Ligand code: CP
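There is one chain below, alone, in structure tokens, taken in the form predicted alone.
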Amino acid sequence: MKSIIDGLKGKDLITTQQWSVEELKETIKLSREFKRLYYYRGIKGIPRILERKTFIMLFYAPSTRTRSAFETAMTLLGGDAQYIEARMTREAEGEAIKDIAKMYEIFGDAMGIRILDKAIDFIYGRGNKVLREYAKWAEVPVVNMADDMFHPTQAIGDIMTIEEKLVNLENKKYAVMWGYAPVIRGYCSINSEILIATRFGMEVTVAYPRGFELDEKIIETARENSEKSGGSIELLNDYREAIEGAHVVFPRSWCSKKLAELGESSFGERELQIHQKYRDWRLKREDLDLLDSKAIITHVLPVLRGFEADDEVMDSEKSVIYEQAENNLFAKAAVLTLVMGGLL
């Protein structure tokens, strides 16, 4: 374990694919220990291992949970988190990302970047490129707080939750299904869930209407993950077939490949017209009968109730969405501890 902890100090987390399965497992183990300490001893039970350390959080896109989770995590660990909106910087006036990265490297011990959706007009890959530019120049670790391709800390907290509920993940079926939404949503959580689940040996099925295919490189990487872990990945165009016998179901909308190429400003109105054709792609109460008897329903939130899934589904005994949110707090605390060397 010591070699893993040593190796993670100063390491970026842009996608979980950058970290080995052993590193991810140790991160989850630490997340569980933080959770245990918090439950048994309260906030005083968590050591102030990041005292006098600062996490710079640069937000190009809004957040309900991510900002609060990272700020709370730093508070629990005795450190500080600085919230900065991109509009508060001088980037729009022409300041180079290199210079911003070097300044925040001086002021903080790690940086977090969130850039996706409207901030990049939903054009796939644009936000990830910006994030990697920050990582190129900053000498401190850069943590992806969600871009248009990945949301790694979310994925770590989610697989932690799934493992808590299912115990053994190998050969368990994880169904990721497209769900109708009257708004446009990006790919980051979808990609990240598929990638981490296939590394942990799960049998992943992804269901979507034609035209909503995912990044071929992500799918190819997921297949490579599966070959190593003993898992699998299957792509379907029928969500009921995908969820049959599933142990985990994640219903969420994502945009079409066309919109990801052209952007919301050019294709947004047409995109929503296409979505209308698939209004029946919604996880309904009667669909739960198709699942494994002990199945769980997950969602990264925000869930669009009545669209992606019915209220009766998201409020059912199978739903673990609030436990996911809690575990994501402790997962973020573990990631910050490891990349900032809090255990060394």
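Small disclaimer: the values here were computed from a predicted structure and weren't measured. Note that residue numbering follows the sequence shown and begins at 1.
Beyond the structure shown, there is the form predicted together with phosphoric acid mono(formamide)ester, which is absent from this document and is the topic of what follows.
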query	finding
Residue 291: touches phosphoric acid mono(formamide)ester in the model of the complex, heavy atom cutoff 4.5 angstroms	no
Heavy atom of residue 154 within 4.5 Å of phosphoric acid mono(formamide)ester in the model of the complex	yes
Contact of residue 276 with phosphoric acid mono(formamide)ester in the model of the complex (heavy atom, 4.5 Å)	no
Partner proximity in the model of the complex: residue 65 to phosphoric acid mono(formamide)ester, non-hydrogen atom cutoff 4.5 Å	yes
Candidate stretches 45-53, 311-319, 281-289, 297-305 - the one whose heavy atoms come within 4.5 Å of phosphoric acid mono(formamide)ester in the model of the complex	297-305
Partner contacts for 110-135, taking phosphoric acid mono(formamide)ester in the model of the complex and a 4.5 Å heavy atom cut-off	114
